[in-house]
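What follows is a single chain, given as structure tokens, in the form predicted on its own.
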């Protein structure tokens, strides 16, 4: 999280894609999404699952358009 905060401090928005929302919430990331049913090692989806990966990235980028309070982790199911 320290890297994410440092990047944010210089004006570049960041987004955390987390498969462990309870653990990530403790760090209060500026922006975060939790794709349900994704596992460690595959935060954007299984290898070759292009459509799932695209949707995950789209949900993450939506955090830039529709910001929420820091520390909020948006959860979605694909």
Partner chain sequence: MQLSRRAIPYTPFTKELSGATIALLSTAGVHLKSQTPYDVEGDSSYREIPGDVNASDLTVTHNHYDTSQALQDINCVFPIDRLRELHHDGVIGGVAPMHFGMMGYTLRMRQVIDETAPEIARKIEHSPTDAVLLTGG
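Residue numbers count along the first chain shown, from 1. Note that the structure is predicted; figures quoted are calculated from it, not measured.
One more form of this protein should be noted, the form predicted together with its partner chain, which is absent from this view; the next part is about it.
> With the partner left out of view, is residue 22 within 4.5 angstroms of its partner chain in the model of the complex by any non-hydrogen atom?
No, residue 22 is distant from the partner.
> Contact with its partner chain in the model of the complex for residue 78, defined as at least one heavy atom pair within 4.5 Å: yes or no?
Outside the cut-off, so no.
> Heavy atoms within 4.5 Å of its partner chain in the model of the complex is the criterion; list the residues of 40-67 that meet it.
Heavy-atom contacts to its partner chain in the model of the complex: 40, 41, 42, 43, 44, 45, 46, 47, 48, 50, 53, 54, 57, 58, 60, 61, 64, 65, 67.
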